[in-house]
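What follows is one chain in structure tokens, specifically the form predicted alone.
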């Protein structure tokens, strides 16, 4: 995945120091395994072996098969705007994998504190509200000025953002056949971070026309920030400010 993942825990911790250390170790190991399986930067990773045609999908270790199957479902759900099979070099599911791996880490860490937040390079998944009952809130930066927060949203489960603020127009448009985006930033919130991550990638590429797609997906809402700063949202996006 080639990114930084952080954990934050709030409230009274469960168990003793040893059990909490074991949970942290399991969460970290799960993220490292996801990176070892899916990294396109590691020449000998199984995903790169698949991309080079050295193995077929049936030979992939689990959970790679189930991840690719979910990517097929998300390709349909996004009307083709998220399509890991239409990128240069062969299949690349990392637009889903980062959020999926963060969800796996959260499942382990949620046992040690009332509220846990896993932050995967700015994409968030939370286990519950804060101990005082207030919801977790997250800032979405201005794509034209990444040091400035433009929107604040409540996060009850997951929030993913994709766009040009950090890496420029690196996202691949499966219909145009080249790297390009129609939105400077796209954010999707919902129940699952892997799904939100993939849909945010799709929405950044599709731009405002992609909002109608998200609007039809139960439990998911979206925000688009266009190149001129104009903001568009689905009907239930949990914007606070």
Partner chain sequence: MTTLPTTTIAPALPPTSTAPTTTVPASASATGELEILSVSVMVSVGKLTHIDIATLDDGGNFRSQAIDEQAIPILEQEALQAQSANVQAIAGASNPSAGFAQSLQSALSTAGR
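What you see is a predicted model; the values in this text were computed from it and never measured. Residue numbers count along the first chain shown, from 1.
There is also a form predicted in complex with its partner chain; it is not shown, and the following applies to it.
S.K.: With its partner chain left out of view, which of 80, 114, 90, 135 would have a heavy atom within 4.5 Å of it in the model of the complex?
M.R.: The residue from 80, 114, 90, 135 that makes the contact is 135.
S.K.: Which residue, 130, 144, 157, 107, has a heavy atom that falls within 4.5 Å of its partner chain in the model of the complex?
M.R.: For this set of options, the contacting one is 130.
S.K.: Which of these stretches, 209-217, 32-40, 193-201, 173-181, has heavy atoms within 4.5 Å of its partner chain in the model of the complex?
M.R.: Careful reading of the contacts points to 32-40.
S.K.: Decide whether residue 71 counts as a contact residue for its partner chain in the model of the complex under a heavy atom distance cut-off of 4.5 Å.
M.R.: Outside the cut-off, so no.
S.K.: Consider residue 28 of the chain shown here, and say whether it contacts its partner chain in the model of the complex, taking contact as heavy atoms within 4.5 Å.
M.R.: The answer is yes: residue 28 has a heavy atom within 4.5 Å of its partner chain.
S.K.: Is residue 233 close to its partner chain in the model of the complex, meaning a heavy atom pair under 4.5 Å apart or at it?
M.R.: No - in the model of the complex, heavy atoms of residue 233 and its partner chain never come within 4.5 Å of each other.
S.K.: So, in the model of the complex, is residue 9 in contact with its partner chain at a 4.5 angstroms heavy atom limit?
M.R.: Within the cut-off, so yes.
S.K.: Taking its partner chain in the model of the complex, which residues along 107-125 bring a heavy atom to within 4.5 Å of it?
M.R.: Heavy-atom contacts to its partner chain in the model of the complex: 117, 119, 121, 122, 124.
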